[in-house]
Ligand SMILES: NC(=O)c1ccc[n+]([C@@H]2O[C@H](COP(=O)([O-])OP(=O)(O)OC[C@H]3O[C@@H](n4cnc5c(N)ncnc54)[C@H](OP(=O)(O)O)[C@@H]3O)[C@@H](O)[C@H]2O)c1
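First comes one chain, alone, set out as structure tokens in the form predicted alone.
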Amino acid sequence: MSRDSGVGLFRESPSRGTVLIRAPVCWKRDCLAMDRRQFLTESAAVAASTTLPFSVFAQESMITREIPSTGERLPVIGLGAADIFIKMPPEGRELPKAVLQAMVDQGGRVLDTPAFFRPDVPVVGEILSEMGLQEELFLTGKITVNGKDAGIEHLERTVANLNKRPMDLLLIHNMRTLQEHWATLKDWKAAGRVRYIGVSLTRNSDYVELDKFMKAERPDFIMTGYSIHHPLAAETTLPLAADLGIAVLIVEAFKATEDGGIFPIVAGKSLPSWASEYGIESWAQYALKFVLSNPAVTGVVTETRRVRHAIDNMRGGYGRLPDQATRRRMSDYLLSI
């Protein structure tokens, strides 16, 4: 499998580990044509490959976990709000459709949809409508603006874009202006316009305010960052969520440095031999299975614009999960690289 980087492509090889392949230089028009040809070729190859048996499938379906407040079960790996769901990519609408279809085919169901950070409406709504996936998927939306009236308008635009009623999950992004927005979300839930409500908080220095909020308000969900390199959430917040019966969606499972992921770090490095005991076949699955092995985690959403990455990530939700001793071993090994 391959991973994008700022300078090119990281490709994992069973014999050589992860190696860097630099992207070729080309004129813009030629690059767009090449990207589209590459995408179509890749998609055909991936479609063919998914009919083959893989050792990672130790069970017939993806692991699911309960939403504590209702008992509804969700597959543990989903998709995040990648750029292909915000603006139509050069490859055309086939790319976001193929990535979504890859998730569905591999048993995923959760889609963390793009927030309205920009004036343009994200393309994800029209893509979902064309594919008829609104009712099949568990869709999230977020408030990313300040002010009560602006927040309500934001939610109305989100629902109109996604065309799902009621919405599955609505969040207050980074807990902004909680006093205004939390009342709105509670009103929407009481009116049956959304099934679950909560808050998100990522890239923070501590979880004091989130922990206080969870104790006071008992949201249905929280969304936060968690990875081997950034385990802070596991100290108080994840155990508290488990104790209070709050579902947890994780983002940034591949995060290592402040603005980068693990893939440049593991370039040229092979997986440890014992990883195969847990059906781990890539560094992405290594990171995802570490996160999922925390029992407080309900699910993980990952951002990708490549079909093969989506499939690889979904496979992280199959098979055996590491125990506590292996979690420590996984962390020690990756942090030593």
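Predicted model, so just to flag it, every value in this text is computed and none were measured. Numbers for residues come from their place in the sequence shown, where the first is 1.
In what follows, reference is made to the form predicted in complex with this ligand, a form of this protein that is not presented.
Contact test, all of K142, V251 and T302, partner this ligand in the model of the complex, heavy atom 4.5 Å: All three within 4.5 Å in the model of the complex.
Just to confirm, with a 4.5 Å cut-off on non-hydrogen atoms, which of M62, A275, V297, A284 contacts this ligand in the model of the complex? By the 4.5 Å heavy-atom cutoff, the listed residue in contact is A284.
This ligand isn't shown here, but in the model of the complex which of P89, G151, G80, P122 has a heavy atom within 4.5 Å of it? The residue from P89, G151, G80, P122 that makes the contact is G80.
Looking at heavy atoms inside 4.5 Å, which stretch does this ligand contact in the model of the complex, given the options 194 to 202, 158 to 166, 102 to 110, 232 to 240? Selected stretch: 194 to 202.
Just to confirm, H173 within 4.5 Å of this ligand in the model of the complex by heavy atoms? Yes.
Check whether A98 has any heavy atom within 4.5 Å of a heavy atom of this ligand in the model of the complex, and answer yes or no. No.
Does this ligand come within 4.5 Å of any heavy atom of M223 in the model of the complex? Because a heavy atom of M223 falls inside 4.5 Å of this ligand in the model of the complex, the answer is yes.
I'd like to know if F263 sits close to this ligand in the model of the complex, meaning any non-hydrogen atom pair within 4.5 angstroms. Result yes; F263 sits at the interface with this ligand in the model of the complex.
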